[in-house]
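A single chain comes next, written as structure tokens; it is the form predicted alone.
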Amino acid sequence: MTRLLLPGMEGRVLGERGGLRVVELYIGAQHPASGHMRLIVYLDGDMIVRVDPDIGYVHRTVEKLAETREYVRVISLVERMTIIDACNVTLPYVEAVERLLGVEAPPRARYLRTILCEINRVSSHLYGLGLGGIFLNHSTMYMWAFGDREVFVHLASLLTGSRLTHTYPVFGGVRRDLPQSFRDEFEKAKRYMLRRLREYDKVFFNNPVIRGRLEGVGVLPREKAVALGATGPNLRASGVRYDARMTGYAAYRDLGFEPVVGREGDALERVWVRLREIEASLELVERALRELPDGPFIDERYTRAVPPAVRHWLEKGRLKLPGGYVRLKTRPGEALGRGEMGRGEITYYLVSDGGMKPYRLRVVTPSARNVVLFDALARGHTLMDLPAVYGSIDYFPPEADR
């Protein structure tokens, strides 16, 4: 058996099939690399003819488990699909349940949800950029991005009380109000990150070695991106002006959101879109903090049910969920929830039979939609271009194997 070593990958030659050399590549399961993934690569010499992604190694049965849990307990379940993007992955589900409950979050809660979503988006992009650096043997980018991500993990912890799995949006609002120190902490984080992004441009994006690995590689034309159903930065890098935030959920309609759109559609452009989206997220959070409305952070019908013994927590800006919250029943029917995660659009289809648990929950995540790009973008390139293609897609296996 012939063994192969590529950045972040280990593989073996399986022999020949139909006159093509077949290579089996393992990505992970160790980190740093986007682990738990296998690719079957068909080669003509050193040129990629076909790539078969072999997913399913971290299947979490989220959809089936959701049918066995009360609505509020499903929030922390779906959160585990993409821990690094916790608010963006849970908010569309929460909004879908709110439609069936006939409840709407107060304006202040919608703004707070948006603030956390954008903080998580920055963290997600830094995570993806760091892994992209590893795939290109650029360990500096990995260390910088993961170190800088801690700044935004801290901000999320300050707002929610938890570093990664926040379970922050709940039906009718959020669990905590904005702490007094948050604005100052964010201003420091924004100044720091904008300075760091200029350094990222110098050391990584404009690095001639990196540009040589990414420019013109894995080109996804606009028409093909639409036909394949690509989503997120991978779609917008091809010149398609679409972002689920344009639908106006949470507070995005009030904040006048505009997406970052590229033109070239190659691996380098996909990196550029993520770098610029970090800047856009920082501006959105600053605007949301400046325009944050006064008022309650959760619907009054739920605060009235809080027991007197723990009501003092409300005055401190924290919600202790009443016991009846677990036993909430929705009206029978169907609801759709859509949102924009760091990697693209996530969709929930929820069916209720009028009980305390979902009758059916269907989730389509951005990585599940983008997995088709492995084959579409790698064909015609050399085997050594495959890590660059993988890193530019920002694919997250646990999110696809939901």
Partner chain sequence: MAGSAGGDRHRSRPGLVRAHLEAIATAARRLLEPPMTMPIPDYGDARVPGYRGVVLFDYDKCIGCSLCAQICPARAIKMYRVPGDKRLRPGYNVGRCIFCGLCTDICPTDALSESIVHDRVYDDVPSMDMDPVDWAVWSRRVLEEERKPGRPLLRARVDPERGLVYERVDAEGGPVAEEKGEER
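Positions refer to the first chain, counted from 1. Everything numeric in this text was worked out from a predicted model, so none of it was measured.
Although not depicted, the form predicted together with its partner chain is the subject of the following passage.
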Q180, heavy atom within 4.5 angstroms of its partner chain in the model of the complex: no
Considering non-hydrogen atoms and a 4.5 Å limit, does its partner chain approach L321 in the model of the complex? yes
With the partner left out here, check for me: in the model of the complex, does some heavy atom of S139 sit within 4.5 Å of its partner chain? no
Might Y242 be said to contact its partner chain in the model of the complex, defining contact as any heavy atom within 4.5 Å? no
Residue stretch of 271 to 279, 289 to 297, 224 to 232, 99 to 107 approaching its partner chain in the model of the complex, non-hydrogen atom distance within 4.5 Å: 271 to 279
Contact residue in the model of the complex, chosen from I134, V260, M81, I84 - any heavy atom within 4.5 Å of its partner chain: V260
Taking its partner chain in the model of the complex and a 4.5 Å non-hydrogen atom cutoff, the residues of 201 to 224 making contact are K202, V203, F205, N206, N207, P208, V209, R211, E215
